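One chain follows as structure tokens, the form predicted on its own.
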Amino acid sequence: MKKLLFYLAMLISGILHANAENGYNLWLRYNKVSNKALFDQYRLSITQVVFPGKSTTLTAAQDELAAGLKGLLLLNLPPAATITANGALLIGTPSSSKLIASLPISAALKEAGPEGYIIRTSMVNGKSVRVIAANTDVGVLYGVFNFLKLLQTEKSIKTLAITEFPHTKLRLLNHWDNLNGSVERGYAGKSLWNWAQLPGTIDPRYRDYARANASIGINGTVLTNVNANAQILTKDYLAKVAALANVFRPYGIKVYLTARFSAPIEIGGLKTADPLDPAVKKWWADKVDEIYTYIPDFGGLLVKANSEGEPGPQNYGRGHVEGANMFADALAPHGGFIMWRAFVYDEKVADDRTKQAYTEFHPLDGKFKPNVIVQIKNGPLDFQPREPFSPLFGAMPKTPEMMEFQITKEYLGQATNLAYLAPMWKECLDSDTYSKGKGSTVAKIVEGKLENHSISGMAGVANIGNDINWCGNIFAQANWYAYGRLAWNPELTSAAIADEWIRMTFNNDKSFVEPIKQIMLTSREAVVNYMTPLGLHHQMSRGVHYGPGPWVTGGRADQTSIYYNRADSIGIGFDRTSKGSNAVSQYFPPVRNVFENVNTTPDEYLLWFHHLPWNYKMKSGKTLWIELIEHYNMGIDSVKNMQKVWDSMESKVDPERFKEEKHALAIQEDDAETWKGACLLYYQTFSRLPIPDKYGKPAHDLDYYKKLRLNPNR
């Protein structure tokens, strides 16, 4: 109710302010360039637009450029047929523009590849011209977005020599959207897809969704939940999917669907879904053929099988290879891909759930068809605030491996807590697996570089809903943006991405950009500190995964908190060394050796790999118990600093977004204090050690925290 009243107040405030900001425009805010000198310089240096081409994608690029120039520079330049003045923008492909075809840029275009682009300052017909060129229309679209970003972020455009290309082939959003309009782990309202109104009514928001994705290089969207509903594969729904595909196509975005393994039974009338049954194989081949009659450029299928109760090939005594290859055979004639998720765990509770993906998939390397790509979560457990990288990366050299990140912050405060996730993702991407010796990073594996795979990819579980600001919180938008940028180029830095996003989303004032960038860059570590410090994991409340629940027990053991914290009178932490579950054995020797030895294990993974006494002496010289207390306090202090910085920015931010984030940060501080009190009091029942007065006592007793249910919507 409090959150509802808050947003009603925000709506009223928006009506009263002519320049109200509701976050709808994301980072594509083409507001007039505020730096007068640059504004004048840009206007003088852009005199005409020469942009031939008639395709829907080139038209979309032309429309975007026109909107950007009009908003940023108040320029309304009608398309010119030829270059007549210095300062022309010449845009297109060698096939759409004879002028571009005549330029000596073939080597640069070859480097750019099928989706990349070049931006050059060149002399054409004796005139100084800025060229945005690509091999394909979608490359031109990406180039236009990047050129507009240069203006948005107030970069120099005097001399340009840019060559950009995506480092991964498949750059997808995975929507966990259900056909009833709900979104699993969605914290920004209902699903964007209004299935009841499709295909007849096309919400203009679908186009804006496509624009936003294209602006950061995302080229595919999986429309439906991995816990799939077979109805999406019926004719009525395929017509609806085709309508969305028609909107997305000009922006270079293909649609993908999730396939329920038992669909041949549920909607096909068969008595089995055995992947080796000839009738089942034919049913899927026919179904895929049908999909392509509706959507000729359909991207492929994503499958979650034999995990969390979902049906799969193991129901019939078959394995992942038989299941994935059945789909691969159906998709191959059409050029489609099958993404087979590696998020699995046994029906029987294993000694360590984190070992399951490696245990099941490592022996299958080299057995999948060429158009199969195995989709692996960044860590071996489940999107925790901090995990080591999954040991499956690099362990299947003959099989393309696709990264799966979670943009929606299921375990990191959802849409309420500020947590910029690029540092977490970079932590994983930059990790060295040593699978082919030093330098075998996760990023190189995901890019397909290490083993020279022809397909590569990255998937992000979307945080998008039908809230007016798309993500439920302005700063949550940064994670959508950062994911797209890292999918395009995993080598980008978290700081560079944050800098771009802040400038495009707010303003270019250095006194605003730098402090906000700093709190963004430290925000994820703050969340780790007040939720799961020193390698603790899965300590959230049951079900909603919001707020603390280190005491959670009952039901399936490996879905409880006590299974992971292993707190007892001796100490805390999960022993995954050779003396424990031996999960360390799944890593290549240099990494394995680091994690096996408590003295070389980094503090941030200490309790992930080791069960240690409460009085264990840390590298800091303090005991583990005191170090835990200090980390919870550091998390709280970080949030208080975020509040202080944000409060100081009131004059530099529109009142709507300022008030919204001020409200969210107040909730985050309360959350951080609750996490500290709940966790320390629970662990104290085992450690029997005091919390020194100087660290501050929890505000309530343990019984209070056990009964408390934090509400992210308050």
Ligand code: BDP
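All residue numbers refer to positions in the sequence shown, first residue = 1. In this text the structure is predicted, and so the values were computed from the model without any measurement.
FYI, the form predicted in complex with the named molecule isn't displayed, but the following is about it.
In the predicted bound form, D208 stays away from the named molecule, with no heavy atom inside 4.5 Å. By the criterion of a heavy atom within 4.5 Å, R341 is counted among the residues contacting the named molecule in the predicted bound form. In the predicted bound form, the named molecule lies within 4.5 Å of some heavy atom of N227. Mapping the unseen interface onto this chain, K240 falls outside it, with no heavy atom inside 4.5 Å of the named molecule in the predicted bound form.
In summary, among the residues D575, E115, E447, D382, the only one with a non-hydrogen atom within 4.5 Å of the named molecule in the predicted bound form is D382. A single residue from the set E184, D346, D286, E491 has any heavy atom within 4.5 angstroms of the named molecule in the predicted bound form; that residue is E184. Per the 4.5 Å heavy atom criterion, the named molecule in the predicted bound form is contacted by stretch 219 to 227, the sole one of 581 to 589, 394 to 402, 499 to 507, 219 to 227. Contact here is defined as any heavy atom lying within 4.5 Å of the named molecule in the predicted bound form, and by that definition not a single one of H537, D568 and W625 is a contact residue. Contact annotation for 355 to 381: a single residue, K377, has a non-hydrogen atom within 4.5 angstroms of the named molecule in the predicted bound form.
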